[in-house]
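Shown next as structure tokens: one chain only, the form predicted on its own.
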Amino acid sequence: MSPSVEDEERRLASLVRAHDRWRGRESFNLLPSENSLSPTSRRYLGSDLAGRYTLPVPVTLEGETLDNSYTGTRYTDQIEQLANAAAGRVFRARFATTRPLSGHLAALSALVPLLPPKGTLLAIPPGEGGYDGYAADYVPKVFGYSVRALPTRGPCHRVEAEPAIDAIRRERPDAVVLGQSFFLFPYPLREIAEAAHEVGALVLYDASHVLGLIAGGVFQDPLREGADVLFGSTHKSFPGPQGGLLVTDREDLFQRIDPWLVWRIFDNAHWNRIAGLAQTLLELERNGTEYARTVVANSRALGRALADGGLPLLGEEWGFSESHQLHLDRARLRERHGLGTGALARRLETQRLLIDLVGRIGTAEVARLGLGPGEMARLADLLLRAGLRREKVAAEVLRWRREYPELKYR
């Protein structure tokens, strides 16, 4: 017999409660692609805005030009204006939109209006730490773009000025897209931007992973260093709801981008998400610098403690990281311990310690909980004991996790 609707409702409620306990109170999240929302931002996500729809673009009806197809939008319009203004202040940009529904759609919001048909872009290949979406079979294939490799150097996938400049001058792309999924160190952006602009190319900076650090004035300052457009997702080092944003100082580019958003890249925006994003932006105005500095300090302290304990990491010669990520050295992990990154992650998961399966460890969410560099040795000890020595530390992790019932930096 099939379950009743009432049974399924009870099951659903139980699953959601269990998830909230597991992820919100009973484990340490070290996934670099995730973060925690403040209670206020979370409340806005669950507000009446979640079911509302508005279309704030000019519409001509019976000879009359209307600024919206809907009534009842007096507050949603103001919320969007507040969010865009906050984004402009946080990133010191003249123009901003918080409408993109994800970091990927924020990228399309720049690429599609700004690249010519069959245009060429230069991007970091996925095999060198780049984002899969920019690989030939994905966004370029859908829109008819050609993509060429922006080279990186070494296992840390660092972009160095001279090889990047050579590639730009050789390929003469329409756009250079910076940004990585494996993202430890900032770019020589001034040199890259100068070379790109010399050949008429735009510099588009996908800050999906490091957006929260940039908001806090850490890592680098893309718009001041030569990037034409900055965009990214808002739920990684940036501690907001899932979604995206885009900012630029160039009025000519924004006038090309903005009309493409509605009915081309997407239709309706999600106004509850924009309200939650606005709250996060305001929180970062208040304490984003301290938050971002703590995240990076955590990465360097955790990297040192893990390496000293025998877990092989990349980038030791440069201090392990200048971002919210650490990268396991896959080859040495297997050679020394007979482990793949996936097996290690699954082992840690049973002990309430969450890293991702591809070998990245993130420090943003534990900073939000209130852990600083001084706590990283204890966190490393738990990771080493659970991951390398297969000790049962779940109860210890749970007791420690419960010491942080509220978020910091909100």
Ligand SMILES: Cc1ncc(COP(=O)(O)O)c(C=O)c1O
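Residues carry their position along the shown sequence, with the first being 1. All of these numbers come straight from a predicted model, not from anything done at the bench.
What comes next is about the form predicted together with the ligand, which is not displayed.
> Want to guess which of 175-183, 87-95, 263-271, 303-311 is within 4.5 Å of the ligand in the predicted bound form, heavy atoms only?
Comparing against the ligand in the predicted bound form, the contact stretch is 175-183.
> Does the ligand, in the predicted bound form, lie within 4.5 angstroms of each residue among G212, S323 and H324, using heavy atoms as the measure?
No, the whole trio is out of contact, none within 4.5 Å by any heavy atom.
> Ok, S109, Q279, S208, T248: which has a heavy atom sitting within 4.5 Å of the ligand in the predicted bound form?
Comparing distances to the ligand in the predicted bound form, the residue within 4.5 Å is S208.
> Answer with one of Y145, Y291, Y131, F219: the residue that has a non-hydrogen atom within 4.5 Å of the ligand in the predicted bound form.
None of the other options qualify; the answer is Y131.
> Wondering, does H104 line up within 4.5 Å of the ligand in the predicted bound form on heavy atoms?
H104: contacts the ligand in the predicted bound form.
> N298: heavy atom within 4.5 Å of the ligand in the predicted bound form?
No, N298 sits far enough from the ligand in the predicted bound form that none of its heavy atoms falls within 4.5 Å.
> So, H235 and the ligand: in the predicted bound form, are they within 4.5 Å at any heavy atom pair?
H235 belongs to the contact set for the ligand.
> Given a 4.5 Å distance limit between heavy atoms, list every residue of 275-313 close to the ligand in the predicted bound form, or none if there are none.
Stretch hits: zero.
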